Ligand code: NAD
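Single chain ahead, written as structure tokens, the form predicted alone.
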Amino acid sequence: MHQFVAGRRREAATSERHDVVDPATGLTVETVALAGPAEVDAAVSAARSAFPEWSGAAPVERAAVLTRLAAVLEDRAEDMARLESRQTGKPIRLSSGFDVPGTIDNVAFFAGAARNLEGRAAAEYSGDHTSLVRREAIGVVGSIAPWNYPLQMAAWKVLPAIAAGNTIVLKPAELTPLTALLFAELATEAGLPDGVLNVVSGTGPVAGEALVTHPEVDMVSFTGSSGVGRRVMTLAAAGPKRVHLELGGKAPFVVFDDADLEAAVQGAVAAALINTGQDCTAATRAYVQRPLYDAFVSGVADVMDTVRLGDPFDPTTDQGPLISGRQQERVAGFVERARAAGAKIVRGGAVPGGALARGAYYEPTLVTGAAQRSEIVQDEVFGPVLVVLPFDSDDQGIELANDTPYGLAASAWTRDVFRSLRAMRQIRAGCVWLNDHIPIISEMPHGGYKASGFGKDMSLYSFDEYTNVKHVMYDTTGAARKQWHRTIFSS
């Protein structure tokens, strides 16, 4: 029973099944029944039925449910972390130290934010009317979450939507649906009314497209690749529906010649390898000013040599497997084509043997000598691969940083306040870190520029995605004939 509709699990009407596979071992964790259009329709109907009461609830009531949910998740944190690692292959240190606590913090944040849905101050802008601005829930939201952070990014979609009074149908990736289903069950346990949060586990072409095109879905939120994002936007345009897209990334990591070299080296390896590089904000392109270039490459190679690949449940494991054998082949293909084009593979660039061979592992990989226009520099690899290129002038470093279709995240490394301020202004990305790369917090927005999409997750800014702004205008005169009537009546 792998659909969660109207407060309970239910069977799919289809006979289609999908094996959720542990990518560390290749063994099946669970066989999931896949949703089809009938399950999507039932979930949307449940969300539509729940909308009037939930959207009309006082903000304090919605906040109370989320506060209880944070406590329930805290009690089940270990279970959630282990389930997340089983279905993704994440090291347990990442699941238990980042994914789960980050999700709980997000729930706690939106419990408070639910009571802060404010419009602008009232005033008499016309002189004889008082204007008010209301924020109101949009309706039923259809959300599609990715496989790289199945729990956390499901929460990013669910929380601002329901805190603002919407109801939601969430489709997690069919590779990793298990923590999203558990999250929905725990939300019901915490008192979320039936139908407010529904989960359908199915494929993108079937369940995903049925959700995006459903006439009773008022808004679509999608996180995933830029190519699929364009497809979602095209389908949603027929509605038309509001669309929120968080798409791919190709984050530059710009190291100026006055940077703290040790900090930059450590930061680059950590930011390139987090979640085995399956992170749309991961550092993928390091541009290093020429005086530091050789030392940076050498330092990164040395640190990569210390990274431990292994069993995700071993607390000493630093890097787990990729999500699947298919993703392993994709990453290896990028590296082999770069090698064939003349790039140098300084470290890694291979599938490990021995006990790790049964999983979807890939070695931490350092590439130099690639051309700026090559695919390994321009396209999203989504694996543990860092490409390092030199630059000369500050102008060139920033120009290279901006030279991809993406604009989700970036970082600049320098001790010079003026360089850092310039990088902050001129790098075209939704998040720019200075002397760090990767940290996120619930209070601050996450979202991109250019082909990385539009709209924000997390923070109060996310309410801009999940609310309609309504202008209400009160007459203050009590007069039957208004001043503006003279434009209609001659006397």
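Note that the coordinates shown come from a computational prediction; the quantities given were computed from them, not determined experimentally. Note that residue numbering follows the sequence shown and begins at 1.
Although it is not shown, the form predicted in complex with nicotinamide-adenine-dinucleotide (NAD) is what the next lines describe.
In the model of the complex, no heavy atom of residue 84 sits within 4.5 Å of nicotinamide-adenine-dinucleotide (NAD).
In the model of the complex, none of the heavy atoms of residue 420 sits within 4.5 Å of a heavy atom of nicotinamide-adenine-dinucleotide (NAD).
In the model of the complex, none of the heavy atoms of residue 310 sits within 4.5 Å of a heavy atom of nicotinamide-adenine-dinucleotide (NAD). Interface membership of residue 222, defined by any non-hydrogen atom within 4.5 Å of nicotinamide-adenine-dinucleotide (NAD) in the model of the complex, is confirmed. Taken together, the three residues 271, 301 and 348 all stay farther than 4.5 Å from nicotinamide-adenine-dinucleotide (NAD) in the model of the complex, as judged by their closest heavy atom. This chain appears without its partner; in the model of the complex, the one residue of 163, 401, 255, 232 with a heavy atom within 4.5 Å of nicotinamide-adenine-dinucleotide (NAD) is 232.
Among 184, 408, 137, 113, the residue placing a heavy atom within 4.5 Å of nicotinamide-adenine-dinucleotide (NAD) in the model of the complex is 408. Partner contacts here mean any heavy atom within 4.5 Å of nicotinamide-adenine-dinucleotide (NAD) in the model of the complex, and among 141 to 149, 118 to 126, 356 to 364, 188 to 196 they occur only in 141 to 149. Residues of 173 to 208 lying near nicotinamide-adenine-dinucleotide (NAD) in the model of the complex, listed in sequence order, are 173, 174, 203, 204, 205, 208, the criterion being any heavy atom within 4.5 Å.
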